[in-house]
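Before any questions on binding or motion, here is one chain by itself as structure tokens, the form predicted alone.
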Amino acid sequence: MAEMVKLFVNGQEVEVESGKNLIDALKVVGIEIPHFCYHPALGADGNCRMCLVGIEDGRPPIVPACKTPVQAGMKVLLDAEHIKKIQHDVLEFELINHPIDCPVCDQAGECSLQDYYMKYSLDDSRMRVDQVAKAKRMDFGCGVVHDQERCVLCARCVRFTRQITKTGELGIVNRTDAARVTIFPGRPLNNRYALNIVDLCPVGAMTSQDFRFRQRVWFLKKDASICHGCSRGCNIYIDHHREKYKDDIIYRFRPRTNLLVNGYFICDAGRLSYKEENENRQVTSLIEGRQAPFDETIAAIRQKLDQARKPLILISPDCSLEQMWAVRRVSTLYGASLSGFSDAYVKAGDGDDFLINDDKAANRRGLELLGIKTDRKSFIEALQKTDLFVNFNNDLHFSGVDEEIDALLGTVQSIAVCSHQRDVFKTASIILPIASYSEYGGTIINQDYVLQAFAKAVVKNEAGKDMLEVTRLLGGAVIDARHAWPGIRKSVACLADVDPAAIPAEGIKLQTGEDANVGA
């Protein structure tokens, strides 16, 4: 438990965590100190001066909040006239050469300068000289577009490339009105996290080529979720919008802070994976190549399972814990072999020492804790013996075609229960569409055994069925995610005391060991 200290803000006593600076400590208790250059992941730079606050009886009497640790009994002044004047003057300085084009700026609605002007200034400009002309639409590489005229020189982007990615592509050149953020000659951004610069920019100077001018941010609905791009399980916001008479579309993923998992950032690959949620979706049920009603397709699958002598069911390592449990129960119901084989989801050498992992499966730990085999040998043996192969959304060709497995798939009758159109599903005699992870809720366990919950975000006009609903229609006993948990708790020791409705936003670090193995 962190030590707490009491101090006074504008004469009111508050209790905050010791050791933090004033910006972070007071933010926890709902008190905002305006700032541009400070960011918790980048530390204090002290160049914007927007966060200057008064300290009553202090020496010095005015200090930058980003560099000042809280102290017991400290008397902080935020609404004193001389502090208001500092904030007003800093904003006026920042706006001298800043274009007032908020209606066409891609950052409008998410701009700190815009927000601070409305809260701390609202004055007309006193400048009667032409603004300094600066470059626009500069391609910095990696999908980052820079408008120099909007830059407030907070240096967050520069510090990110030096402190976080350690690639150092950005710098500030020249001084005063000639100062610019730029890339080194012939050295554009070249790292796998570059688009975080867009999030870090407090104004509209850094924008994403992918998102730029595609949607107004105040139209977007922002839902918390978990990236399924790899086994890190980074926390994200899914920003989506449904225009009148049209379908709900995802426009971007943004990082959501979780110090237990991903900190403040996400990789560019995960960020851009939102496109996969919109594209190549399986939306129609097919029986022997012809479109069929959903109910007829379910009945056909049940009939095939009833007639099969040695069915084999394959489950995706991206499925939620509840879905894995439900599929496991269905496999028992039909006497089927069950596998979570997914070697194709591992791309050796692709990971790094920051956020990106070799394993692109979102919930491999779930397969492990539920005792679902993932080894190649047992899967091949079962595939050679089966007379019916049912694939629950496992892309066996994720990182390329496995010739041996592909040859075996060509000799067996198969059924695909899938969210996307993939090559591996094309040979299936029956194809049943289901929802993807942005369209249902559940829990997953990342590589470090952090259990996290995510909720349904996107609602399609013609919504795909959750895999849980499909298993129920196939005769399974799991009605919904909540009804899966009694069995999960009984089978997995480290989940025995977990209430899925009470999982905190940052997740739960599971205590695993031999006692975490599945019981009888």
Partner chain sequence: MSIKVRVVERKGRTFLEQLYLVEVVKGMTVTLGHFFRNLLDNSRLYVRHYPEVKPEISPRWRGRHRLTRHEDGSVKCVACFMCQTNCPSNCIMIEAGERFDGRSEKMPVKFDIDLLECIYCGYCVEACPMDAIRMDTGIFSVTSNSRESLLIGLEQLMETPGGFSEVDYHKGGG
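Positions refer to the first chain, counted from 1. Keep in mind that this is a model prediction, so the values were computed, not measured.
This protein has a second form, the form predicted together with its partner chain, left out of what is shown; the following refers to that one.
Asks: What stretch, of 163-171, 132-140, 350-358, 184-192, brings heavy atoms to within 4.5 Å of its partner chain in the predicted complex?
Replies: Among the listed stretches, the partner-contacting one is 132-140.
Asks: Taking its partner chain as it sits in the predicted complex, is Gln215 near enough to touch it, meaning that at least one heavy atom pair lies within 4.5 angstroms?
Replies: Answer yes; at least one heavy atom of Gln215 falls within 4.5 Å of its partner chain in the predicted complex.
Asks: Given that the partner is absent here, does Phe219 sit within 4.5 Å of its partner chain in the predicted complex, heavy atoms only?
Replies: Contact check for Phe219: yes, within 4.5 Å of its partner chain in the predicted complex.
Asks: At the 4.5 Å heavy atom threshold, is Arg281 in contact with its partner chain in the predicted complex?
Replies: Flag for Arg281 set to no.
Asks: Residue-level contact is defined here as any heavy atom of the residue lying within 4.5 Å of its partner chain in the predicted complex; does Ser399 satisfy this criterion?
Replies: Judged by the heavy-atom cut-off of 4.5 Å, Ser399 is well away from its partner chain in the predicted complex.
Asks: Verify the flagged residues Asp295, Arg376 and Lys465 against its partner chain in the predicted complex: is each one within 4.5 Å by a non-hydrogen atom?
Replies: Checked in the predicted complex: no contact with its partner chain for any of the three.
Asks: Just give me the single entry in Ala72, Val104, Ile100, Met118 that has a non-hydrogen atom within 4.5 angstroms of its partner chain in the predicted complex.
Replies: Selected option: Val104.
Asks: Have a look at Arg364, Arg150, Lys304, His240 for me and say which one sits with a heavy atom within 4.5 Å of its partner chain in the predicted complex.
Replies: When its partner chain is considered in the predicted complex, the option within 4.5 Å is Arg150.
Asks: Go through 221-245 residue by residue and record those having a heavy atom within 4.5 Å of its partner chain in the predicted complex; state none if no residue qualifies.
Replies: In sequence order, Glu243, Lys244, Tyr245 come within 4.5 Å of the partner.
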